[in-house]
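So this one's two forms of a single chain, laid out as structure tokens and tagged structure 1 and structure 2.
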Structure 1
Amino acid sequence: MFKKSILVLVAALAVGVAYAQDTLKKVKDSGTITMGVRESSGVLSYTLGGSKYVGYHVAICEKAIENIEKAIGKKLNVQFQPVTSQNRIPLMQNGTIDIECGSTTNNATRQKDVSFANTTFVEEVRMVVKPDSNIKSIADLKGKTVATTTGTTSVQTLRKNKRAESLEFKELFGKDHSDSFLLVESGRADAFVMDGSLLAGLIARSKNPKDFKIVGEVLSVEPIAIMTRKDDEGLLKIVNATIAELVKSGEIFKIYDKWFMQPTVPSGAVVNLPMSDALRNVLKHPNNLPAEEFAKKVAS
């Protein structure tokens, strides 16, 4: 399925193209590739315990790694390295991880430090609350405690929203998404502002899903993508070729359906989040535009 695309990539490598960051050489020499994964990023990337990680983006990265192996002519030992919103970029820069397959928003600031493959998920930032909270919109957050995850941009996005101008609320930070969700679950926070898919996944896997609901205006529409080291063109070409072939064959839609519309391991919970028109469009017209440009394109 991927043979033609990979042969083209191998040919490009053979002519001696110089790359600022050559992960392909690194992993070929070491025999190991390290995938950065998240422990609780909805069904994009999460842990089953121990060293087992699964999810929509993990599945796409596993397909990319198969093609990396074909390109370098060597079977690789795949290691999973859990990362957080705070350390994912430093761990990419210092070589601890080779490819990051979590829930990272591609934005202009991050593009100064790392590179992104073409967009594979489009996120809508919203908030989760308890049904009896009486919070239905941004205006209802006045005087409330809002949870978010350290190292993410969600509360910044909230504060930039016109409806939040002059709105006073307290911020409470969780170390990861599960911790932030727990702040609402335990009553220490009134709302958790985060990517809608992550919120839906956390609700689906909670003890009592009916105790939570996603409410409020869409705060932003953001492109989520697989991350690599800055200017790592060799690896990016393989990842983007993999994504293109998954779209062409229709397999990416099956992968999406498995994680967002079918019972997920280990609990059997269903996120029930149909693929958005925005994601269908970006898969049809691939790009790695940062959030700032992507939002303008979606709005136009």
Structure 2
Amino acid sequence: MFKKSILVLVAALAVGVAYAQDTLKKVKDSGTITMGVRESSGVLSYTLGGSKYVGYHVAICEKAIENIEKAIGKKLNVQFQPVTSQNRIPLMQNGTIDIECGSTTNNATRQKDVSFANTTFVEEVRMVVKPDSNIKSIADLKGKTVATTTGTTSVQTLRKNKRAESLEFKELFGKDHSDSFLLVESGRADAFVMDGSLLAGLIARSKNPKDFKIVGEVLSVEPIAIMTRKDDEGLLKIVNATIAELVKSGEIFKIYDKWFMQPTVPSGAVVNLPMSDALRNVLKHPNNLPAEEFAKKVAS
């Protein structure tokens, strides 16, 4: 019994220090790679129940893992580890996950702690309203009630826009995305400001998708990327090469089409979010600029 506890302890310590090594060596030694995934991040990364995870980013990561297997000459056992916005960076730093394929915005603050592959998705923050409301842009929000979700960057975006345009509107904060959506559905809020892909997903899954529409100018653009450990050059190189390969062969457009334009598992709902020009552009000219610089580049 005692010996067993020692073994467990040693194993735990080994995992604890593993993060200091380079990931390719780590996965080669252990024969296992752990993919950080999200329970429910639109169609970028979500669960089908049990331990099955799918989505646009998961599909790209699976391609990258095939290339990692080729590079180290060994078949890997792929494990999924669900992460949240709060724990994804610590879990990456302590070695629990090796590659994160969720919906993480690449920004300057996070780049101090982790690294990002080239941008594979561009999130455009917009708003959802009911079709009979006459809200068409942010200027129409004067005197209205606007919902957004606690713990997201959209709250900050909204605050900045409010300040810049000196608009007066009432803010409501949902505790999660479906809660914020419910605020619009029940008429407590006139609009819900959030990432476009999430809004499209919520509408697709709602009782009556025709009751909602996405309107208004793009309030902010954010590059979303696959996350790796800080300065893990070996792994980053393979992931970026995989992305470049997918773009060159045109396969990434097929993957995009599969998740964003076709019926998705399990409900058969169609997200119906055509690829934005910003995403098309960044796939053509790959970079991993953080959100702050990325936004400037898109604006110019």
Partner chain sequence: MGNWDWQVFCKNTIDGEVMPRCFGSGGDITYLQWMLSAWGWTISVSLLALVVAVVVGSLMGILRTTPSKTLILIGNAWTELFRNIPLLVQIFLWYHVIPSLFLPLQKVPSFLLVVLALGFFTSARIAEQVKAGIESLSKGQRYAGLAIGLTLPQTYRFVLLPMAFRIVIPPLTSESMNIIKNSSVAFAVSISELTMFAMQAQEETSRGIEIYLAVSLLYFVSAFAVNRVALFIENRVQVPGMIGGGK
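Definition used throughout: the rigid core is the maximal C-alpha set that superposes within 1.5 Å between two forms. Every value quoted in this text rests on a predicted model; they were computed, and no experiment measured them. Along the sequence of structure 1, residues get numbers from 1 upward.
Participant: Between the first and the second structure, which is the form predicted alone?
Facilitator: Structure 1, which is the form predicted alone, differs in this respect from structure 2.
Participant: Comparing between the two structures on the rigid core, is the C-alpha shift at M227 2 Å or larger?
Facilitator: Comparing the forms between the two structures, which are aligned on their rigid core, M227 does not shift its C-alpha by 2 Å or more.
Participant: With a threshold of 2 Å on the C-alpha, tell me if L76 counts as moved between the two structures once the core is superposed.
Facilitator: No; that C-alpha moves by less than 2 Å between the two structures.
Participant: If the two forms are fitted on the core, does I97 show a Cα displacement reaching 2 angstroms between the two structures?
Facilitator: No, I97 moves less than 2 Å.
Participant: After superposition on the rigid core, what is the displacement of the C-alpha atom of R205 between the two structures, in Å?
Facilitator: Spelling it out: core superposed, C-alpha of R205 shifted, distance 2.4 Å.
Participant: Can you give the CA shift of E168 between the two structures, in Å, with the two forms fit on their core?
Facilitator: That residue's C-alpha sits 8.5 Å away in the other form.
Participant: Hey, core superposed, how many Å does K136 shift at the CA between the two structures?
Facilitator: Its alpha carbon moves by 6.7 Å.
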